[in-house]
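Two separate entries follow, structure 1 and structure 2, each one form of the same protein chain as structure tokens.
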Structure 1
């Protein structure tokens, strides 16, 4: 095994924790979203499209996902009437994803559940700690994007 500097070792341990927490967050998201007929992945796509009609590529970039993963999720959402494809006036080949009332209603239902869940968990961590972790993760994301 290649030896790491102290910072490299700490960074590697951070990554392991991020992966662990990501798995836990996805499981919690699935649990929060299930009563609305959603999964974490479906919820993420609806959340992006809620800000305005978006192409599959735009959703993928926003969420850091592959286009193929978003396409598969969008296809299942269309099949269930939670997203619709619209013509894109800027590109005939890249349809826009938009939220119909059914998708918007499901998203709002999950958002209400998530707000209560987030408030309950956040009450157990100081605001300063939350801000510090958020800033560190944002900085890490920026470093990775700049590579």
Structure 2
């Protein structure tokens, strides 16, 4: 009925696994971030801002999201005191997002937990396998981007 080749079928199974692992990783990220009062999305924004004060548009470009998405997350972070707006001497429109102590310590807390989590999981998979799967996924990503 759906005339899939052997490869097409194998490929379909890969899709399912990517979706599944993606969902599990997101859930794991939220779990790691929760004790610090964060979520995956909020944590990622803090991570970018940690590299230096940035505008909403800059963070969006770094994360591969739209300005609108970052703005929403940033607004909620400001509301919770995890992030502050600073005036930007170079652009009157685009205020800079910066990390106050409260945001910095929340970020550090999640980073510690994440490092331990990553090490634990990585220890259960051989380095060769890890590299192989990353490489293949990167190729697949490039293929998908080309179209």
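Since we're looking at a predicted model, the values are computed, not measured. Between two forms, the rigid core is the largest collection of C-alphas that superpose within 1.5 Å. Positions refer to the first chain, counted from 1.
Q: Do you think the form predicted alone is shown as structure 1, or as structure 2?
A: Looking at both, the form predicted alone is number 1.
Q: Going by the rigid parts that rotate relative to each other between the two structures, point to the one of 58, 89, 51, 31 at the hinge.
A: Where the rigid parts turn against each other between the two structures, we find 31.
Q: Whole degrees only: how far is the smaller rigid part turned between the two structures?
A: Treating the chain as two rigid parts, the smaller one turns 15 degrees between the two structures.
Q: If I align on the rigid core, how far apart are the two C-alpha positions of residue 127 between the two structures? Answer in Å.
A: The alpha-carbon displacement, core-superposed, is 2.7 Å.
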